[in-house]
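The chain below stands alone and is given in structure tokens; this is the form predicted alone.
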């Protein structure tokens, strides 16, 4: 059975009370020192504070993995689901509780391996979810097994002589799905860009897919070492309708004007490997949103109780 992590801020329901970032964290994250998950959590806290989202009006859904501990640390409704099923749970939640802001947090193995089918179809359905793929290129929680995004030739416990297959590119895969409406990439070591990307994803009406490149200090600390050491190996995608992260022009001199409405250019850029690219690859706000066209009729409290009692009566002795 899935573990359910629920925590609500113990404050009065007062709209005039201003919440700060730390009000959205319940406890210290139990991740390794230097883990990129801390950066993602900090960016989420900043976003929630900026939007002044009330803890009882949002939910965080996850699967299994290091990143999937998110619901335990965010002061909101939370559902810590099973491996690969976060998107199905989140879609069902959004259909039945459309007034909630729903965030989904997954790891690379969680999303792109056992959850790949759900990932592809959730993209096609385009529900109004803010989706974070925290990609550290390895199965970290289960201690160093090759994941679909592990670089070819990279050694792990399951492929000690190096990964046999080319790494799966989550950007290419998502951009190849019909009805994909928002695809972006950012990195945990660029906090300003990470925050700006999550802000844009939250504002998008539809399935906002954000791949967050992150460091695993235990197993893949060297995967992005060259890009971190040399910012010239990273190119920012910039546009008036893209991700606006001020203050990065001096650090990242490689910048490319890219219109996120151009799906063909987005696919071409996602395929290239000459530089690490951060920014908004594609966005289209006009696509139909699943939870709006597939709305579930509201159910009263009395109806819910009646249905529960009817179900319980089936097992009465």
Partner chain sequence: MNRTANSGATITAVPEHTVEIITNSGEGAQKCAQIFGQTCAKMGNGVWTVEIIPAEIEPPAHTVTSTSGNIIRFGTNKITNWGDQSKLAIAFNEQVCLSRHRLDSFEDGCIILHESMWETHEDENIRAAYAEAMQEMSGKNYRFIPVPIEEETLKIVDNAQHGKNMFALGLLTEIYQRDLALIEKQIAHIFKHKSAKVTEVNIELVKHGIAWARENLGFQFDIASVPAEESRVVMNGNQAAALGAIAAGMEFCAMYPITPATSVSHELAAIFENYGGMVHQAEDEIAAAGVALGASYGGKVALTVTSGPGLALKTEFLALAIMTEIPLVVLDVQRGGPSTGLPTKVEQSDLLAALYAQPGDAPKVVIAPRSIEECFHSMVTARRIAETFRCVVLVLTDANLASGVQQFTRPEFDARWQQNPIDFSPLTDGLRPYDWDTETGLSRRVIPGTPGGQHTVTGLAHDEESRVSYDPESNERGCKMRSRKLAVFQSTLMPPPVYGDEEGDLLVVGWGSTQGAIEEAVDRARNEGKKVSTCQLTFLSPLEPGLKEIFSHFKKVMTVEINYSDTVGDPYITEETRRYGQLAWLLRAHTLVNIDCWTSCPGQPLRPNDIYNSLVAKLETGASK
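Predicted, not measured: the structure shown is a model, and the values here were computed from it. Numbering follows the first chain given and starts at 1. C-alpha atoms forming the largest set that superposes within 1.5 Å between two forms make up the rigid core.
The next section is about a form of this same protein that is not shown, the form predicted together with the partner chain.
The putative spot formed by 45, 178 and 235 is not touched by the partner chain in the predicted bound form; no residue has a non-hydrogen atom within 4.5 angstroms of it. Although the partner is absent here, residue 95 is a contact residue: one of its heavy atoms lies within 4.5 angstroms of the partner chain in the predicted bound form. Although the partner is absent here, residue 305 lies within 4.5 Å of the partner chain in the predicted bound form, judged by heavy atoms. In the predicted bound form, none of the heavy atoms of residue 39 sits within 4.5 Å of a heavy atom of the partner chain. In the predicted bound form, the partner chain stays beyond 4.5 Å of every heavy atom belonging to residue 31.
Heavy atoms within 4.5 Å of the partner chain in the predicted bound form are found in one stretch of 120 to 128, 187 to 195, 161 to 169, 237 to 245, which is 120 to 128.
In the predicted bound form, the partner chain lies within 4.5 angstroms of at least one heavy atom of each of the following residues of 290 to 317: 290, 294, 296, 297, 299, 301, 304, 305, 307, 308, 309, 311, 312, 313, 315, 316, 317, in sequence order. Once both forms are fitted on their core, the CA shift for residue 293 between the shown form and the other one remains under 2 Å.
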